[in-house]
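Okay, here we've got a single chain as structure tokens, the form predicted on its own, with questions on binding and movement later.
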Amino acid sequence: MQLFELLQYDFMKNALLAVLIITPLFGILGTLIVNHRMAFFSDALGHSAFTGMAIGVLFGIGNTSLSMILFAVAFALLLNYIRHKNVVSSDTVISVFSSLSVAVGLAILSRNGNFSKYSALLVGDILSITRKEIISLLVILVITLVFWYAAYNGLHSIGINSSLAKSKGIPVTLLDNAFVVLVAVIVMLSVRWVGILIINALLILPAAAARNIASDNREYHLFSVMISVFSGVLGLVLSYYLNVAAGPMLVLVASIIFFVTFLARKLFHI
């Protein structure tokens, strides 16, 4: 059995192309999410996909991806506003909103026992992605790279000290909101293929693993993208030969890499 026999099938070619687009996206965004301590934020955002889809179903919107994106953008801006308030614990409030959005979404989608139609969202199905959807992901990748190039220094300064960044004339609120909107759009476009339960892991694990072994900021971003792409490709290949879902396998590979880099840092004092 040849290693690359999977490429004989169009659905595997499409899945591989999607992985090669999605994983660099996650690698790039993950570094900023980790730096901004937004792991819990991005997890809540992923879970809001249920409510976005439910709103689309409730109002008869044919393109539920549109309703998911619109809801996610509004949800992200609300969570970002809450995150910067110090009146109560932001983690607690974000958890409440996250739980509420999931409950509302599940309640609507499960009416009359119809939830089975939407259960694929939980683990995703990257094998069903089409060329048209791959093109939309490619457009988002280009937009993300442009945004990252133009706004990275400002976002990095905000992640270190937002007050100091503001004193230097950096538009903190504008950049921060633009970043969470971009994350919201990417998560909603990717959640169908990656899965609600595991999309946050794919955002966080490559960046966390890269942080274990990187000696400077350039290596941090480079290693994050490399680990993300490697996890995606190897996870997809293993899922094909082991006959398991691709999304969970991607997370398993990324998790193993994280623990290996964690041990390497401890043993070799990286």
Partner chain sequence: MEKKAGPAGKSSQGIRIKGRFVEEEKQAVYKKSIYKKLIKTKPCGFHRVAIENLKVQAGSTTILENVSLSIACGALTVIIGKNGAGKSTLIKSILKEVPYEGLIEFRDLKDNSIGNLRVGYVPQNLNIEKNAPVSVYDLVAAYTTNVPVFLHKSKKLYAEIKERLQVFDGGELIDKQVGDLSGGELQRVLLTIACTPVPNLLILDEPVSGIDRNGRKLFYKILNDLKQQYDLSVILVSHDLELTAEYADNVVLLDRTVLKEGPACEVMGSKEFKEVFGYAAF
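Residue numbers count along the first chain shown, from 1. Treat the numbers as computed from the prediction; the structure is a model and nothing was measured.
The discussion below concerns the form predicted in complex with its partner chain, not included here.
- None of 127-135, 163-171, 187-195, 71-79 except one has non-hydrogen atoms within 4.5 angstroms of its partner chain in the predicted bound form; the exception is 163-171.
- Here the marked residues W148, S157 and N217 all reach its partner chain in the predicted bound form, each with a heavy atom within 4.5 angstroms.
- Taking the partner from elsewhere, Y118 is found to have every heavy atom lying beyond 4.5 Å of its partner chain in the predicted bound form.
- In the predicted bound form, its partner chain lies within 4.5 Å of some heavy atom of Y152.
- Along 36-50, a non-hydrogen atom within 4.5 Å of its partner chain in the predicted bound form is carried only by R37.
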